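Below sits a lone chain in structure tokens, taken as the form predicted on its own.
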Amino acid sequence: MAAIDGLPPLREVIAAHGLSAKKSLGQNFLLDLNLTAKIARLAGDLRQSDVLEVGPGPGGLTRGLLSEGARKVLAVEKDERCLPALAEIAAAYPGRLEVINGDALDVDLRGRLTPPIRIAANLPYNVGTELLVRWLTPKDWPPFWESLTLMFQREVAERIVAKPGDDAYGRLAILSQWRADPAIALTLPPDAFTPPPKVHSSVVHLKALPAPRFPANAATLNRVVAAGFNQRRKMLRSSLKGLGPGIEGKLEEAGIAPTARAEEIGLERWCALARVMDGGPA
């Protein structure tokens, strides 16, 4: 494994600091620095960008991002055991790495990053989907980030890029494709990680669109889609009846057959239904 900087190999860092991965924190460390640098490059040209990284662990991807020229990396790490290893990286890249010890679901990032901002992370498995949904559903759009380059279990990655009719198609695909261009950029086998997870992992790159593909209220769209896919095998006239009276008429107004199922409906029609639910034209 070739070095990407003058710091020790990650296996030595983990041994020196006693950083065995914790299942409770969803940790699986990627130790090949050539791979972490490759993932950093998938995030694009970082030389004029600040980068938010969640769950850096011993700092493999952190080092990749910095070696690829990131203007600044803000790393949010919940595991205090990792802080000394990250401090060594900060010392090797003066003024370019800031580490916050905290939970990414709770940390206030305002004022800590300067646009343009990219997010790149080997996300802890137990919070990855929740963080993605938060980044895709801010109150205002465009968001604070330009792109997301995120590692997920391959099953989750396939849900992000799925199309109508696919088994993986659902709420996550609609939220991701409504406001961003997602694509699977890289897939890694379990033995790329320590400890190896039970499944393959994939890096998904999502580029924020300047505006949603179709107009809709974000909260309404999320509510309608969630109701539809919570009972995905039922006809929509049944799965959506809890949203209020007259759902069959609203479905028809949106150009959706009441007998259709959620997995058959494309993004444009879901957005039309959200507009109708808000009292507007389809």
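Because the structure is a prediction, the values reported are computed rather than measured. Residue numbers here begin at 1 and follow the sequence given.
Although not depicted, the form predicted in complex with a small molecule is the subject of the following passage.
Q: Is the small molecule in the predicted complex close enough to A43, E68 and S147 that every residue in that trio has a heavy atom within 4.5 angstroms of it?
A: Checking in the predicted complex: none of A43, E68 and S147 is within 4.5 Å of the small molecule.
Q: Check each of A92, L188, V127, A162 and return the one that places a heavy atom within 4.5 angstroms of the small molecule in the predicted complex.
A: If I apply the 4.5 Å criterion carefully, the residue I get is V127.
Q: Out of L251, L30, V225, A216, which one falls within 4.5 Å of the small molecule in the predicted complex, going by heavy atoms?
A: Comparing distances to the small molecule in the predicted complex, the residue within 4.5 Å is L30.
Q: According to a 4.5 angstroms non-hydrogen atom cut-off, is G102 in contact with the small molecule in the predicted complex?
A: Answer yes; at least one heavy atom of G102 falls within 4.5 Å of the small molecule in the predicted complex.
Q: Though only this chain appears here, would R118 touch the small molecule in the predicted complex if you measure heavy atom gaps against 4.5 Å?
A: R118: no, not in contact with the small molecule in the predicted complex.
Q: Going by a heavy atom distance of 4.5 Å, is L52 a contact of the small molecule in the predicted complex?
A: Because no heavy atom of L52 falls inside 4.5 Å of the small molecule in the predicted complex, the answer is no.
Q: Any of the heavy atoms of D79 lying within 4.5 Å of the small molecule in the predicted complex?
A: Residue-level check for D79: yes, a contact with the small molecule.
Q: Report the stretch among 69-77, 169-177, 204-212, 138-146 that approaches the small molecule in the predicted complex to within 4.5 Å, counting heavy atoms only.
A: Selected stretch: 69-77.
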